[in-house]
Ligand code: R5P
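First comes one chain, alone, set out as structure tokens in the form predicted alone.
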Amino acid sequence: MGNDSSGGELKVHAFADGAAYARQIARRLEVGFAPIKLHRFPDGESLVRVAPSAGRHAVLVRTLSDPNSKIFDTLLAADALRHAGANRVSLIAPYLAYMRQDKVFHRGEPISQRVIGRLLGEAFDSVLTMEPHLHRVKSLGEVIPCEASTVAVASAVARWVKREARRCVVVGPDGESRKFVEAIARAAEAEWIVGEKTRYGDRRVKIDFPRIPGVKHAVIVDDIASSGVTLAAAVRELRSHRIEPVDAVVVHALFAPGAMTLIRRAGARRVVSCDTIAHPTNAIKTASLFAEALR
């Protein structure tokens, strides 16, 4: 059995929906893996059952896409792991939901980010996630009141860019993506540009690029793709400047119904994603990044 940095026995745990990803982390760390069983009662209540011996440091791996069906079971698992002997319980959430609602945008709405942050901070000793879509807060620690940090994925995306899209320009769809785009481009030894996005509604977006490089191959990178509207607008604008081919890389492949069709019709050649959320576009592995962070 492997040890964590403080010398305690470490074991990786996961529900069935995240077992394959969690096993990759366990193999990297050379520690044990234990499945978590989930039973639903007729009234919808959950019964969670973890391994009888959780390890002194129990690491629960679960991506929190489809969060309303997962978050409560995840909290129950944290409690079960403590009753099974864990002195420290950590959560690895490759995708962490409810981060976008970080203020009251319209009267009568909650600040969902703070609600979820408090729940996770009370249940876990530490939380690790990847590209959590923070805007008006500077760090995950401001959201989750425990040891909370973000694992950078730029290096993994840059490796894909260097391998699959040499001599390209790395493109960010808006100013919020600037730091992410710059980090990827620097690691991939590529040029980069960032667009100016104007949103007219949930399904209407316009993107302008103040500077168009001489490079013909573009790779758009973004942290999340859900409706596909932003990516499609960026693809169309780049192609209108005779930049082709245009590929798109996203970290979290949420992809609502019709999103992929929208992006492809805009003219994207390839759409690939990291494996933080299971999707047919997954092409960039990220489990090793969490293993290194734990190590």
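Treat the numbers as computed from the prediction; the structure is a model and nothing was measured. Numbering starts at 1 and runs along the sequence shown.
The same protein also has a form predicted together with ribose-5-phosphate, omitted here; what follows describes it.
- With the partner omitted here, the residue from 162, 186, 179, 100 that has a non-hydrogen atom within 4.5 angstroms of ribose-5-phosphate in the predicted bound form is 100.
- With the partner omitted here, the residue from 156, 190, 140, 224 that has a non-hydrogen atom within 4.5 angstroms of ribose-5-phosphate in the predicted bound form is 224.
- Not displayed here, ribose-5-phosphate is approached by residue 199 to within 4.5 Å at the level of heavy atoms in the predicted bound form.
- Not displayed here, ribose-5-phosphate is approached by residue 228 to within 4.5 Å at the level of heavy atoms in the predicted bound form.
- With a 4.5 Å cutoff on heavy atoms, residue 133 counts as touching ribose-5-phosphate in the predicted bound form.
- Heavy atoms within 4.5 Å of ribose-5-phosphate in the predicted bound form are found in exactly one of 171-179, 80-88, 120-128, 105-113, that being 171-179.
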